Ligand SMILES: NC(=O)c1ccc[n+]([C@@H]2O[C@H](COP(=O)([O-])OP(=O)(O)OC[C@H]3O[C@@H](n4cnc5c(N)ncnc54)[C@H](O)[C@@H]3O)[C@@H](O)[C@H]2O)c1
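Before any questions on binding or motion, here is one chain by itself as structure tokens, the form predicted on its own.
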Amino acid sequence: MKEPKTLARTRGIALRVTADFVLVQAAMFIALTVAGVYSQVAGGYSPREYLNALRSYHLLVFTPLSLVFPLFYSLGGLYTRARSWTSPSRLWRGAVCAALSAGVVLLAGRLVPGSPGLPRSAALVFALLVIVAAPGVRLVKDTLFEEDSRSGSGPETVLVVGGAGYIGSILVRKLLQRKYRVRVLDNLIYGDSAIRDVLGHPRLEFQKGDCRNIKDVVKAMAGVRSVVHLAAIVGDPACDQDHQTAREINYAATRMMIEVAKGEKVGRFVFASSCSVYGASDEVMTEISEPCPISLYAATKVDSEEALLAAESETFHPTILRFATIFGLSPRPRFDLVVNLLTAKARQEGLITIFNGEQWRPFLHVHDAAEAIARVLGAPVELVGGEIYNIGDQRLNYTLTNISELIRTVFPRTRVEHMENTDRRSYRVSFDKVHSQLGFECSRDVKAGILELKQAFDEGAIVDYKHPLYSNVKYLEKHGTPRHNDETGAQVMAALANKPSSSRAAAAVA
């Protein structure tokens, strides 16, 4: 599959380069025509001789120099990353790349020995034309073709499985802002408060259901071409509450959804994985590093990844997103995440405990996690299909001691206790791939996340961070893991959960 994907990507880039090169030549032709007309009106020059000189400039000087345009456009990411950017960002960067290219070409044209140079009037017209053309053609393409190309009859419908959760509740809002139609499948184990205010949106369809129930999944995927799978028992302690249910929701349901998705002709399938699949390592981990899960949660993620990539075909394109350790405020707040929990303790109690402070972790704000998913959905399928991306930012690789120091900059009176325990997970992660291919960078750092949590406490939006609703493991301890609503579904899940994942999962929890 990789060779056809590469060829298709190369062909697409070649077409875009050719189109831009033709536009630049057309802009210069128009500019020279304007200059010729102006010279004839102003007088003082022989129009024929003047036009001959300008024609020589175009052919002998400008045409070779105009190769600067595709070079600068390429360096600016317009051929490799632009379709994953938001429209304002794409238009702005197109204009900036065009302006820089025009400036370089016009200046270099004056320095070429024997060059007649370009009149100021022609230079001004040319610069304005290319600065408008570069973003303009992309805007026209977005306006005329992008929405209809998704489904053939209007905005694409994206199914978000787990759309009422910590990441999903933010992603749903982002997709609605991007003019998608959104369908949410969620069993509302933690309630509907995170999406209650958008349930009446005209482009949102909500379906209460279980991702383990084949009838619910078939109904949810009908007519959908893109699926985002966020549903999971998240975190090591929560998975340890009930190993069987964790395997079913985190792995068996994925296997079942793959078959339903292929049957419903779903083209894109974006899967939320985790950087915890890397386990413990002193190396900087990349997407080609060997996963080494040391928990049931991580093992189920690796097994789901393998099932998805094995199912890739010409019509089914899975994308794996390995998220860094997430933090930050969401419509469904969580305080079982290290940054959020330590911030709450510092704010409410003035004391935090750091276990194994020299351990490394990559961190990622929950809004940036949702943004990464939206970027993947907007990127060319030939670019992201069948790929694994670490989602995060090099700048957010921290030790746990570093995190405590950041918290103390916001809460300077906080006391910090350092202790050791048996959790030896430590890993640093490279995010070069997602940055180079999709132009993704985190917009919020850890300190920004700490400050927004502080504000939520100060304004009374959060009162008791210890409430079970804010912690997956506490909630499951109190209410139990979600039960099956269908006996057939229970049998299907039991069969799928005990297939290939069992050996890896058993090793991870041994």
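Keep in mind the model is a prediction, meaning the values are calculated, not measured. Position 1 is the first residue in the sequence shown; the rest follow in order.
Another form, the form predicted together with the named molecule, is not on view; read the next lines as being about it.
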Query raised in the report: Among the candidate residues Leu78, Leu329, Ile167, Ala220, which is the single one with a non-hydrogen atom no more than 4.5 Å from the named molecule in the predicted bound form?
Result: Ile167
Report summary line: From Leu230, Ala298, Val429, Ala372: within 4.5 Å of the named molecule in the predicted bound form by heavy atoms is Leu230
Query - Complete contact of Thr353, Arg361 and Phe457 with the named molecule in the predicted bound form (any heavy atom, 4.5 Å) - result: no
Query - Candidate stretches 185 to 193, 93 to 101, 433 to 441, 399 to 407 - the one whose heavy atoms come within 4.5 Å of the named molecule in the predicted bound form - result: 185 to 193
Query raised in the report: Heavy atom to heavy atom, is Ser281 within 4.5 Å of the named molecule in the predicted bound form?
Result: no
Report task. Classify Arg334 as contacting or not contacting the named molecule in the predicted bound form by the rule of any non-hydrogen atom within 4.5 angstroms, answering yes or no. Result -> yes
Report task. Report yes if any heavy atom of Gly162 sits within 4.5 Å of a heavy atom of the named molecule in the predicted bound form; otherwise report no. Result -> yes
Report task. With heavy atoms only and a cut-off of 4.5 Å, decide whether Ser273 touches the named molecule in the predicted bound form. Result -> yes
Query raised in the report: Which residues from 193 to 223 come close to the named molecule in the predicted bound form, meaning a heavy atom within 4.5 Å?
Result: Gly209, Asp210, Cys211, Arg212
